[in-house]
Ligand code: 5GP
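The form predicted on its own is given below as one chain in structure tokens.
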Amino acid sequence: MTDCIFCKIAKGEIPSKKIYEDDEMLAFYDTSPQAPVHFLVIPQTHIENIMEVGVENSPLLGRLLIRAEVLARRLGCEEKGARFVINCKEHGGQTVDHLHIHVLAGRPLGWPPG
């Protein structure tokens, strides 16, 4: 997808504050953080949302979640915890049509979300 902002970030066309990168994923800080710790983990390959993952990409989804957890620990979130969120489509609050995991931490997070 040529106009996807996350694809452009993954290709290095748009700068980001990277936390982690390998051949299949990228993690970077959110540009509009909603908590003291707020980063995203995305696949390098364009997958529009969680409902488009499919069985063939389920191992990738598992690796994305594990990387999110490892990075949360590395950023000091182990003791008090973090929120791991995957928004999906308009009613789910997804604003960028590229699968991504939000990790938020560093303050108490209420429920239900706004």
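All figures in this text were calculated on a predicted structure; none of them were measured in a lab. Each residue number is its position in the shown sequence, starting from 1.
What follows is about the form predicted in complex with the ligand, which we do not show.
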item	value
Contact residue in the model of the complex, chosen from M25, I9, A105, I19 - any heavy atom within 4.5 Å of the ligand	I9
Close approach of H38 to the ligand in the model of the complex, 4.5 Å, heavy atom	yes
In the model of the complex, T31 touching the ligand (heavy atom, 4.5 Å)	yes
Close approach of Q44 to the ligand in the model of the complex, 4.5 Å, heavy atom	no
In the model of the complex, L109 touching the ligand (heavy atom, 4.5 Å)	no
Residues from 65-96 in contact with the ligand (non-hydrogen atom within 4.5 Å) in the model of the complex	N87, G93, Q94, T95, V96
